[in-house]
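Take a look at this one chain, the form predicted alone, written out in structure tokens.
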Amino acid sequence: MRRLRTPRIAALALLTAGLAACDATPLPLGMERGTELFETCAPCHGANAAGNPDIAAPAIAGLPQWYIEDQLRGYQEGYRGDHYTDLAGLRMRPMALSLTREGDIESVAEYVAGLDPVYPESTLHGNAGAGATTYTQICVACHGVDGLGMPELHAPPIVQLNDWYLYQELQNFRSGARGAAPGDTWGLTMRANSLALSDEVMQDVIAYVQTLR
């Protein structure tokens, strides 16, 4: 009986350890890698990815994974951050180029997408009423009536983005600092729309977007 009891106790101990291990569910490998990679992003975008307007780093927490992947690839391929007037983009592009290992982009995008989204305070003072008309005419087809975007058109949820960032990027599209590179299909579409907007109209549209939150 003593000889039988020892292996049974050992087997029970192994079973108990196995059950305990199952309770401690590990993070997926992508999230683990993404957590490490985000350490290089946090100095600009913040520990919670809530952004830092003082250095033109927008809030990115909770944005869709596909969108973050799109933008990082855009930086790597030269669609973004390759124009001398886009200072914020020029600063961001080397960070994207540092994601050299297979799965790096997906991992850090998955991590950022998993953070609680933030809705930064408004800083511009456009006319939301006037902006509603322009939004319906130009923006709604891609970004939706609720501003939540359409993945199939690579249109992000703009209600989560800083208003100053939206203004900055609309100006970049209009000037050709963004959306003018050959092969940037979705950027070219956005650039065409931005050409119809004056600075004042841009701020009006953005003011209306803030009301959609």
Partner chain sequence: MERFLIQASTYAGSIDGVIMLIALLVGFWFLLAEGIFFWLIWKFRARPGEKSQYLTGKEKHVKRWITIPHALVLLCDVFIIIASVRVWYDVKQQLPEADSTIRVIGQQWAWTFQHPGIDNELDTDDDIYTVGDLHVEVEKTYHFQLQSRDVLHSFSVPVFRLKQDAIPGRSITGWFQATETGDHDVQCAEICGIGHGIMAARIHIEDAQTHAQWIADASAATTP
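Positions refer to the first chain, counted from 1. All of these numbers come straight from a predicted model, not from anything done at the bench.
Not pictured, yet referred to below: the form predicted in complex with its partner chain.
When you look in the model of the complex, the only residue of N48, N52, Q171, T40 with a non-hydrogen atom within 4.5 Å of its partner chain is T40. Taking a 4.5 Å heavy atom cutoff to its partner chain in the model of the complex, the contact residue among I138, L90, V118, L124 is L90. In the model of the complex, its partner chain lies within 4.5 Å of some heavy atom of S98. Using a 4.5 angstroms limit between non-hydrogen atoms, R73 is distant from its partner chain in the model of the complex. The closest heavy atom approach of G129 to its partner chain in the model of the complex falls outside 4.5 Å. The closest non-hydrogen atom of E106 lies beyond 4.5 Å of its partner chain in the model of the complex.
Partner contact region in the model of the complex: 40-48, out of 62-70, 40-48, 142-150, 156-164, criterion any non-hydrogen atom within 4.5 Å of its partner chain. Within 4.5 angstroms of its partner chain in the model of the complex, the stretch 54-88 places a non-hydrogen atom from each of D82, H83, Y84, L87, taken in sequence order.
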